[in-house]
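This document starts with one chain, in the form predicted on its own, laid out as structure tokens.
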């Protein structure tokens, strides 16, 4: 049976690093909407790329259309780790509807918790090393504000009451965070 897991955390919390480890362990497709916006080659993706490069959040309708297109690919059949998606209640509701169409549901929500200042230090370091156009300190600060004002309330109000949120301390070593995630998923999913 396919598993659908959400991975959420403020920019710089280690989502990308942990996603690689989770995908490898559980054989899931890693679906990062940020990566999808940067690499997917469709007209909708191009529109999303322009919005992201301006430092703004992509509208729900565009994001959901891209996710739907991606879920139809064969490599999504065993399940998906959603990285940084959904961000809003309409996206969460839309994802629930999409997954029903694939005979699934959200099984677990991994919330990587990290202090805002630590997250900003990590982002500044990453920008200095990688120089990603959508990862400037100014754009990161805007995204961080969006996370705390839009995304975090979505997860706390939509998924937490459903008992799906698993809080993980993101201010640990990569190995410690991974061990905490593995233990939580074993308890939640039985594997």
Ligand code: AMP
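Positions refer to the first chain, counted from 1. This is a predicted model, so every value here is computed, not measured.
Just so you know, the form predicted in complex with this ligand exists too; it's not on screen, but the next bit is about it.
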Check whether residue 58 has any heavy atom within 4.5 Å of a heavy atom of this ligand in the predicted complex, and answer yes or no. yes
Looking at the partner-bound form in the predicted complex, is residue 38 within 4.5 Å of this ligand by any heavy atom?
yes
Discussion item. Under a 4.5 Å heavy atom criterion, is residue 152 part of the interface with this ligand in the predicted complex?
Written reply: no
Spell out, yes or no, whether the shortest heavy atom distance between residue 85 and this ligand in the predicted complex is within 4.5 Å.
yes
Candidate site 34, 91 and 143: all three near this ligand in the predicted complex by heavy atom within 4.5 Å: yes
Among 50-58, 157-165, 22-30, 119-127, the stretch whose residues bring a heavy atom within 4.5 Å of this ligand in the predicted complex is 50-58
